[in-house]
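As structure tokens, one chain now follows by itself in the form predicted on its own.
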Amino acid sequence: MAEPTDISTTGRTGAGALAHRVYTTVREQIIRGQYPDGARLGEERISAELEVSRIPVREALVRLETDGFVISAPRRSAVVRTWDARSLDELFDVRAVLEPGAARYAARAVARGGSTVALERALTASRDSVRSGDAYLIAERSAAFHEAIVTTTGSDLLMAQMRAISGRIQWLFFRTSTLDVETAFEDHSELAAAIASGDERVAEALTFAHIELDRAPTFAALGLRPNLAAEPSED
């Protein structure tokens, strides 16, 4: 499941807990736009703001880079990653490859007796967030629903692949919170029902459609133009 927005130290002690606290705090600040695209993330500044040493800040920034939130260069401060047409297309392309297959395997797992508890809980949480109208909560729980689909497959490898992009998915959902969340939740409900029924092909098709139908509106919401493939030249 997605990282919680509150600062959790479950299973962590000492320096590890401190680095995790810095990570979750800065991560949320990036998602909320308190650190905008291209903003410099100086270790000294963050250390002072969070009242911690630079060591946990450095560890947190390494993890934020791994998760796709920041970019760093030798002897330079990390900066917040900028959303552009290429990075947006790449995320959609990866999701279009990973998630439909995961939905298919989730349905297969359920048909073989697998549990749908994680999926049901994520759907309920997503519904409650839509009712709350809290854009951050909606984004967090919508991303968590997509993770729950992968969790339902029972595949550790698929879950690891999804964790690598789930933070960016939440970030993008928050950045495009003006889009129709009610329709998105209806799609989630239909998808959850398809998986629960064990219908692999429907689950796969619904997931692909859900992702691809969101691509153009997302570009528009961010004021970006899609990277259209070059038209074939005429002889």
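Position 1 is the first residue in the sequence shown; the rest follow in order. What you are looking at is a predicted structure, and each value in this text was computed from that prediction instead of being measured.
Although it is not shown, the form predicted in complex with the DNA is what the next lines describe.
Heavy atoms of residue 76 reach within 4.5 Å of the DNA in the model of the complex, making it an interface residue. A residue is said to contact a partner when one of its heavy atoms sits within 4.5 Å of a partner heavy atom; residue 193 fails this definition for the DNA in the model of the complex, lying far away. Although the partner is absent here, residue 66 sits far enough away that none of its heavy atoms falls within 4.5 Å of the DNA in the model of the complex. The closest non-hydrogen atom of residue 202 lies beyond 4.5 Å of the DNA in the model of the complex. None of 53, 34, 197, 183 but one reaches within 4.5 angstroms of the DNA in the model of the complex through a heavy atom, and that residue is 53. Of the stretches 36 to 44, 166 to 174, 184 to 192, 205 to 213, only 36 to 44 has residues with a heavy atom within 4.5 Å of the DNA in the model of the complex.
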